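Just the one chain here, the form predicted alone, laid out as structure tokens.
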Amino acid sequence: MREIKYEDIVKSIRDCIIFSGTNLPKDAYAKMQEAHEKEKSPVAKEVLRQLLENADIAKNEDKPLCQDTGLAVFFVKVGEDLKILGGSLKQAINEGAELGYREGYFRASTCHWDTRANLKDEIGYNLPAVIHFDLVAGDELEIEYAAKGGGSENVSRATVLAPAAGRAGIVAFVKEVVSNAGPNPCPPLTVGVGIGGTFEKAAISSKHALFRELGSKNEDPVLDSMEQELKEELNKLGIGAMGMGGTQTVFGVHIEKNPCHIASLPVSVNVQCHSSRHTKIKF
């Protein structure tokens, strides 16, 4: 059985959070440059130039890309032949997340649902992290991290369509969600879509779809076709960069599918802002 030290996981989580908070991922930066080149609206083109400048300043000065440094979201694949020495994996992820947000001087954003009191002293600095575990074969550990801000999360939606709605119904729902969101999630956006499963499975799938590399093709040709169709339709909405109008509303649409019950068609849309902060760690 392979062994990984607790403290090594803590350090890796801490480091990846600080890096992700100040360095826009290469795929998102490249898509921002592409959007800037393609944009037809002079106003939106200038906004995209400023977003690129912001990313450069954040990287060069080690400053947060955005004041909303988000909640810490993790998707974790744990090998069955793996052992963590010195503590639990969940504890290591939470400790690393707290150190990353605290030592990176990122905002503590978790609060009580009712009183809205910040929980940094009661539970921990920006804790608890949102963690989705998946037990897999082998002895490897893979941790995907993303910072999820309030603006993009607030406009995300899930529903259960009638099976007869089919592909057309899914496309219509995605367009409705993004159209209603308008400028609030700080576009250009990455749009994650979860299809099938149950209500909560569709929602989790739509969140995980955001982690896929921008510009990559869906392995399923039917879903790849839907992604291209949706990207084209969403860019026709004219919302544009930061809601200033234009032709570049989304960087990409990523879809994940699951088998579902014969009587239902769950669909979820999870939106990510232009500052698509995410990374992956492998042990």
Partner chain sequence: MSKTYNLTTPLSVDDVTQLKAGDIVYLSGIIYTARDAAHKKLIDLLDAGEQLPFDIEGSVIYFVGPTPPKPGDPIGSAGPTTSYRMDSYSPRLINEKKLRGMIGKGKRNQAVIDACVQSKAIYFGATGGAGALLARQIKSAEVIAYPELGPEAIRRLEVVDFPLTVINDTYGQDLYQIGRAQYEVK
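Just so it is clear, the model here is predicted, and its values are computed rather than measured. Positions refer to the first chain, counted from 1.
Note that the form predicted in complex with its partner chain isn't included here; everything after this is about it.
Query raised in the report: Looking at 165-173, 127-135, 202-210, 148-156, which lies within 4.5 angstroms of its partner chain in the model of the complex, counting heavy atoms?
Result: In short, 148-156.
Requested in this report: Report the residue, out of A92, I195, A181, I143, that has at least one non-hydrogen atom within 4.5 angstroms of its partner chain in the model of the complex.
Outcome: Checking each option against its partner chain in the model of the complex, the one that comes within 4.5 Å is A181.
Requested in this report: Answer for G238 alone: is it within 4.5 Å of its partner chain in the model of the complex, judged on heavy atom distances?
Outcome: Within the cut-off, so yes.
Query raised in the report: Even though its partner chain is not shown here, does P42 get within 4.5 Å of it in the model of the complex, heavy atoms only?
Result: Yes.
**Report entry** Touches its partner chain in the model of the complex: K77 (any heavy atom, 4.5 Å)
**Finding:** Although its partner chain is absent here, K77 would stay clear of it in the model of the complex, with no heavy atoms inside 4.5 Å.
Query raised in the report: Does the 4.5 Å heavy atom contact test between Q50 and its partner chain in the model of the complex come out positive?
Result: Taking the distances in the model of the complex, the answer for Q50 is yes, it comes within 4.5 Å of its partner chain.
Requested in this report: Enumerate the residues of 53-81 that have a non-hydrogen atom within 4.5 Å of its partner chain in the model of the complex, in sequence order, or give none.
Outcome: The stretch 53-81, when checked against its partner chain in the model of the complex, contributes E53, N54, I57, A58, E61, D62, K63, P64, L65, C66, Q67, T69 at the 4.5 Å heavy-atom cut-off.
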